[in-house]
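This document starts with one chain, in the form predicted alone, laid out as structure tokens.
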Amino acid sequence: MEKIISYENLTKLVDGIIQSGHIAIGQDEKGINWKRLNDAKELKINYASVPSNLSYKEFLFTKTEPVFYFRNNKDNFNLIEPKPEINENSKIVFLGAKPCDSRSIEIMSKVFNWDYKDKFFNQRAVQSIVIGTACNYQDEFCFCTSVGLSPVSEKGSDIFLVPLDDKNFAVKIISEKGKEFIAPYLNLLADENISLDKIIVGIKAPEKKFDTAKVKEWVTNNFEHKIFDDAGATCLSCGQCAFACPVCHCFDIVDEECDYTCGRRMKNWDACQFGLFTLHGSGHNPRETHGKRYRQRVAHKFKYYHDKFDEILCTGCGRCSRGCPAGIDIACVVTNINTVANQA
């Protein structure tokens, strides 16, 4: 017997989340961004629609946040910890995340716990509950199967929903966090004799476009190849790709003074596609061209991050390509690399 939940009971679950003081996060009405839900009527499970323009990354790794405040005294200074934005007993519940979003927290956790444990990200990650959903959408920009995922991948989800029809979902409890979270709401779940395996098999997956192992090997040995210059020739260095990506995580640290008596240290999103990202104080820039910066983007995702953490820094969501104002499609670039590698 499989557990199922109706859309009506799913909204009751959201009501329970909000009334319990937890934070419910879902897609907005236009499917552009993710937002905090203040009413269960705002819930949208867009399993058959294009992924939102932006991921929910900013709820874990915020666009800008204070690391600490400081106050200058006559002979010394005081450091002041910022107040937590979220109660430590509250959960951050992401509702209806496709597999290309659900996987993001686990991937980013590797870098935020590498040589330094980032307490800001980690606290939010610990408090997060991901209610994922199987995905019934694909277009020319989707390539989740090329990076080890699929439309029915449960990786990163604590609870996983499989759409049965427009009004009902099968429910799979994936993690201990998910089991503990759903316990107070078990009355919203019903038992039904359905063949879930047949339904999952029937969900079409995007065709695999490239082999990440071959791409990694080729990038290692072709640092100066013109493929990167060709891609960079149209790049505007706008950073859309990094900001829309669910796993890009570059940031800058800036000290801001309000006057000579006080100030704050801020952590702000940054992107390797920006011309200033690697600019040295001397004026030298090792990545002064768009091509070199695009090479860094590809190499970071498919080589460097894998070397360090045994993870591909990409979930195949296609957001960077759909939103690129210059029409650069990273899957096409990497597929081209795969083709060249096969010809070598």
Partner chain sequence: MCNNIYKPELMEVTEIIDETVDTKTFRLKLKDEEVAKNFSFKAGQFGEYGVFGEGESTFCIASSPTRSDYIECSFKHVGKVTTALRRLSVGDTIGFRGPYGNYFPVEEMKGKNVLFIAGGIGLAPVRCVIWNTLDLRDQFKDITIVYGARSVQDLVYKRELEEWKSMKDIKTVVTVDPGGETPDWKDEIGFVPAIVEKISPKSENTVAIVCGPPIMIKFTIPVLLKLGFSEDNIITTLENRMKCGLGKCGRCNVGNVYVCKDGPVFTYTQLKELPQEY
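The shown structure was predicted, so the numbers you read here are calculated from the model rather than taken from an experiment. Positions refer to the first chain, counted from 1.
The following text describes the form predicted in complex with the partner chain, which does not appear among the structures shown.
Novice: Taking any heavy atom pair closer than or equal to 4.5 Å as contact, tell me whether His284 reaches the partner chain in the predicted bound form.
Specialist: Yes, His284 lies within 4.5 Å of the partner chain in the predicted bound form.
Novice: Is it the case that Arg295, even though its partner is missing from this view, gets within 4.5 Å of the partner chain in the predicted bound form, heavy atoms only?
Specialist: Looking in the predicted bound form, residue contacts with the partner chain include Arg295, since a heavy atom lies within 4.5 Å.
Novice: Applying a 4.5 Å heavy atom distance criterion, does Asp118 contact the partner chain in the predicted bound form?
Specialist: Result yes; Asp118 sits at the interface with the partner chain in the predicted bound form.
Novice: In the predicted bound form, does Glu154 have a heavy atom within 4.5 Å of the partner chain?
Specialist: No - in the predicted bound form, heavy atoms of Glu154 and the partner chain never come within 4.5 Å of each other.
Novice: Could you tell me if all three of His22, Gln138 and Leu164 have a heavy atom no more than 4.5 Å from the partner chain in the predicted bound form?
Specialist: No, the candidate spot makes no contact with the partner chain.
Novice: Find the only residue in Glu217, Glu180, Glu85, Asp252 having a heavy atom within 4.5 Å of the partner chain in the predicted bound form.
Specialist: Of the listed residues, the single hit is Asp252.
Novice: Scan Lys204, Arg265, Lys208, His225 and let me know which has any heavy atom within 4.5 Å of the partner chain in the predicted bound form.
Specialist: Contact residue from the list: Arg265.
Novice: Name the stretch: of 253 to 261, 171 to 179, 193 to 201, 97 to 105, exactly one has residues whose heavy atoms fall within 4.5 Å of the partner chain in the predicted bound form.
Specialist: Only one stretch passes the 4.5 Å heavy-atom test: 253 to 261.
Novice: Would you mind checking 295 to 324 for residues with a heavy atom within 4.5 Å of the partner chain in the predicted bound form?
Specialist: Read in sequence order, the residues that approach the partner chain (within 4.5 Å, in the predicted bound form) are Arg295, Gln296, His300, Lys303, Tyr304, Asp307, Lys308, Phe309.
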